[in-house]
Ligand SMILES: Cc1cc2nc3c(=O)[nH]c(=O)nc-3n(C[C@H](O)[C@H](O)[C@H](O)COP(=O)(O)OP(=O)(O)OC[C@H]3O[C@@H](n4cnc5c(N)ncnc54)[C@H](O)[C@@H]3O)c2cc1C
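In the block that follows, a single chain appears as structure tokens, in the form predicted alone.
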Amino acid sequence: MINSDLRSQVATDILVIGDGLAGSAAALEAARLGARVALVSAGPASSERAQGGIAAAVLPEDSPRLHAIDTLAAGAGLCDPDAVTMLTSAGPETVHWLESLGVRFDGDAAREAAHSMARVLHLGGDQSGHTLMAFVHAAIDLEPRITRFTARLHVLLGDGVCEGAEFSGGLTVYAGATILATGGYAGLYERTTNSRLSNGKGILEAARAGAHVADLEFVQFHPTVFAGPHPFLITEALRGAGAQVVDAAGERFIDELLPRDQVAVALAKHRGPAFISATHMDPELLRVSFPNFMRNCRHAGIDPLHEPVPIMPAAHYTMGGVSTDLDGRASVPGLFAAGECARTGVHGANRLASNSLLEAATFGRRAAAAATATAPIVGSASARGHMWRRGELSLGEVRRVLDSAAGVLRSGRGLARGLRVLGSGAGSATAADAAEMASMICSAALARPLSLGAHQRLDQPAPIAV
């Protein structure tokens, strides 16, 4: 990798926007195929925060077919079966590719919610994302065809075809193909497990450029997030290892291994506080396999060996995004998408736990392979201006409106009210972008009147298993 300061103009074969696992995998694969790559990132976001690990059928008793069955079941009938088959079939090879970068997974695979068997591979216990990305970024540092920049996406370039992008700091990159790997939009919510960089900006700019987007209503709320003023994620693997969701009296009220959407709805409907209890578990197991959980609890003044931890759901993962084919192609020529910003069809209405890192690596590499076949573009492309309606709405108010209107439990009335507020005008360009993205989410949720997966309408509720 060549470290580089910002330049006013850069021309390259492939532009990758975002350096999480999807973007990093895309950059490495494109460079391996001989392309010059500009990798531009605003900073670490979701991949670094992943605790759960990567799902893949690598054990003798498992198979891609069984993995696919679990994925389709969790997706509530909305998955693309071809995309699911491709993803789960690629699982073992993707794991081998990561191992070729130096990644060494922990010993046994773990079982997480809605998986029929143990197939989730971890690194460093519940620090999988941070550990994994250290290896991936080290591989990027050794690749001379990749030039990295730190900047925020401003606007995509081109008219009817994507020819690169403009970024903050005066950076403009012209490219033969552009791969969006900008993450999802869960960071727009007031209560979230995500970085605020996960604000849907890439999806928004793709939509403004004419790309088709879909399934924005499907927002997965992680059920076990610390309920204090500084929320932190409590990995699903803890429940897979035996931790229980209980009420104030210590009584269980939900099967902890149901799909995330069902557990989140049960918590949202539960009257009174809810907790996750690991007090009955082996202390040594907790210390070795869940060091992040133990450390976060102690920082919050809680001893999880002797007391339950208060929890409530928070926005965690978004299934919607830029619609792509199985090679990451968007509907705008020259534009590709991979990772959480893409709607590939593998997650349907509710992502199966730990399929996200697998999707990011698999589809990032596939997008790169397809993008390198795109002829380089020479010359300068124009950027489209975007006007925003001025008003008083702040970024914090946008987040609160989104939480209220499009949270775990929604209603037509609440969504319509949220859309009216979001359309009243914003006090800054940043708030205006957030309001537009939030409006797209609420509009998609309002347009789907029936409850399905991670989209739950109080006015059209779906039955929940307990």
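In case it trips you up, residue 1 is the first one in the sequence shown, and so on. If you're wondering where the values come from, they're calculated on a predicted model, not measured in any experiment. Each form is matched to the other, and the largest set of C-alpha atoms that superpose within 1.5 Å is called the rigid core.
Just so it is clear, the following notes concern the form predicted in complex with the named molecule, a form of the same protein that is not shown.
The chain is drawn here without the named molecule; in the model of the complex, the stretch among 281-289, 195-203, 249-257, 69-77 whose residues come within 4.5 Å of it by any heavy atom is 195-203. Although the partner is absent from this view, Gly418 stays clear of the named molecule in the model of the complex, with no non-hydrogen atom inside 4.5 angstroms. The closest heavy atom approach of Ser41 to the named molecule in the model of the complex falls within 4.5 Å. Although the partner is absent here, Ala22 lies within 4.5 Å of the named molecule in the model of the complex, judged by heavy atoms.
Taking the partner from elsewhere, His386 is found to have every heavy atom lying beyond 4.5 Å of the named molecule in the model of the complex. Remark: none of the three candidate residues (Glu217, Gly328 and Arg343) comes within 4.5 Å of the named molecule in the model of the complex, counting heavy atoms only.
For the options Thr362, Ser354, Thr88, Thr224, the one in contact with the named molecule in the model of the complex, meaning a heavy atom within 4.5 Å, is Ser354.
Shown here without the named molecule, the chain has His316, Tyr317 in 299-327 lying with a heavy atom within 4.5 Å of that partner in the model of the complex. In a rigid-core overlay of the protein, Arg260 has its C-alpha displaced by at least 2 Å between the shown form and the other one. Once the rigid core is overlaid between the shown form and the other one, Asn292 counts among the residues whose Cα shifts by 2 Å or more.
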